[in-house]
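Included below are structure tokens for two forms of one protein chain, each presented in isolation as structure 1 and structure 2.
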Structure 1
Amino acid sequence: MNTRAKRLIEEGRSFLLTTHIDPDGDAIGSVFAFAMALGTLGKEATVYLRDRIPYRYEFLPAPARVVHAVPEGKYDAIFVLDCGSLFRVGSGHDRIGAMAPIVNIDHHDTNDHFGTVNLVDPGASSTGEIIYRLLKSLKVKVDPDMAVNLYTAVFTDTGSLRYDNTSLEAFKICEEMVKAGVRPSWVAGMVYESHPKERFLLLGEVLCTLATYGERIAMARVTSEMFERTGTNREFSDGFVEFIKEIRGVEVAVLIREIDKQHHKISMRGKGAVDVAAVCNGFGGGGHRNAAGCRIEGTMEEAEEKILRALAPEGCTKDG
């Protein structure tokens, strides 16, 4: 473990911790566990989250101080977790960047090393894994609340131990956390079984639009009419693209969601053969090789055409 980071923790008294906008399980679980750990070391830890906590992560045990506006206090160091770049913290990131030394803790391979100290390990399954190691090196005893946070961080960021980043280490940490008091089915119930019924009514309508092209591109639509009919909004369709990705042989899964008749939000998933970040980049978006997104101007039909042209410049036809 990095000795400068360790010294900052040992010598400091008051810390600010933060993570990215639209926080996921790894972001929240890591930042909460670390704040609790600093508390057990007799330090003051304040967590700043720009956004509210998504409903599926509301069950996570929270540390004493969580604020949603950049606090005014004086800090001995700022820990920025799970952010490839400082701007991912959202509004106030520039002020935060000037407050105190920054410790950048992350596992994204696109991390731009924005910290004064950088604990960046693209080989780690999750930021939760790096925090776990940090707690070990700080000799923090992981209590059940920290354990639930770390378990959720690792478990969700590996897609419940299904994604490519599912390492032996990820299993070991989950096992340790179960020993420390986590009940796996309780966490899974909270994270994966807290969807409103309307989500599935919407999914039903969306899947009825599913089409494949040359057996390797799969695409489905979400329209405003569907939201209206099922009493839902765009948030209800988060993750639908993952279902499309489950089709055998499909290399790229695409979900097109209507913002309005002339603007569409695109979510793209790959399985390795195609760099979907590069494709989305071409439309002004971005992401990772296997998970990216962008916005496209034009009607639904125009958006579909543009995507197909980008994914199959040689042309492709809709499968029967």
Structure 2
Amino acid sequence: MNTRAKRLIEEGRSFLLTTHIDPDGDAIGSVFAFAMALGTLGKEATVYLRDRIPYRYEFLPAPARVVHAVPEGKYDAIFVLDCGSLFRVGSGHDRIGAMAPIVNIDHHDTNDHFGTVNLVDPGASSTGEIIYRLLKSLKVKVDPDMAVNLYTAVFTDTGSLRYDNTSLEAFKICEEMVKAGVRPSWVAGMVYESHPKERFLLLGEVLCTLATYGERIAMARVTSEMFERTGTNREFSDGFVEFIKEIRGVEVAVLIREIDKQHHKISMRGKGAVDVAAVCNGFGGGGHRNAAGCRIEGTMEEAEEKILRALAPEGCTKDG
């Protein structure tokens, strides 16, 4: 464990914690567990999230102070969790970068080591795994609330313990969290089996746009009009790309979500044959070999064309 990060915690008193925009289970679980742990050490911890917590993670126990605007104040260090680049924090990232030394804690291959201290391990299953190790080195006793957060972080970022990043260490951490009081069936139910009906109305519309190219690339779209018709928003489409990935023979699954008519969010999943992180990195994004994302400027059609050129430079045609 990085001794500089440990020393900053031991010698400091007040800390700001943050993570990336559109936070997932690993991001929220890690930052919440870490904030709670700092509290048990007698430290002051403020969590800044640009976006509100997605409905599927509202069950997670939250620390005392969570804010949605960059707070004023003096901090001994700023911990940025699960972010490959500082700009992924969202609005205010430039201010955050100038406030105090930054400790960058992450597990993405594409991390650009933006911190004063970089605790980056691409071999870790999740950022939650790195936080677990840090808490052990600080001799923090994991209570039931921390355990739920850490379990959720590892469980969701390994795709329910079924992705390639599911390591022996990931299983061991989950075992420890269960011993600390986590009920796996309850967490799984809250994350995967507690969706509003509107999510499935949206999914129906999205699947109607599904197209395959050369039988190995599958792509679908989410538009603002779909959100309006179904009474949903962007968080309702979280995980849709996983359905596309399940198609037999498909090597790369892509979901294009409209931000506005000239900006689109890309979620990409692979099955090992293609490094989708490298593809997304070419558009200023990043992630893991089999799970990555980016943003692309241009119309929906232009975004689709750019993705297809990146995935199949030799060219491919739409099936059927």
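The term rigid core refers to the most C-alpha atoms you can superpose between the two forms while keeping them within 1.5 Å. Source: prediction; values computed, not measured. Numbering for residues begins at 1 and runs along the sequence of structure 1.
Here the chain coming from the form predicted in complex with a further copy of the same chain is structure 1, while structure 2 comes from the other form.
Core-superposed comparison between structures 1 and 2: the Cα of residue 60 travels less than 2 Å.
Taking the rigid core as fixed, one finds a CA shift for residue 201 of 2 Å or more between structures 1 and 2.
Smaller rigid part rotated by 19 degrees relative to the larger one between structures 1 and 2 (C-alpha superpositions, whole degrees). Core superposition places the Cα of residue 266 5.7 Å apart between structures 1 and 2. In the core-aligned comparison between structures 1 and 2, the Cα atom of residue 298 sits 9.3 Å away from its counterpart.
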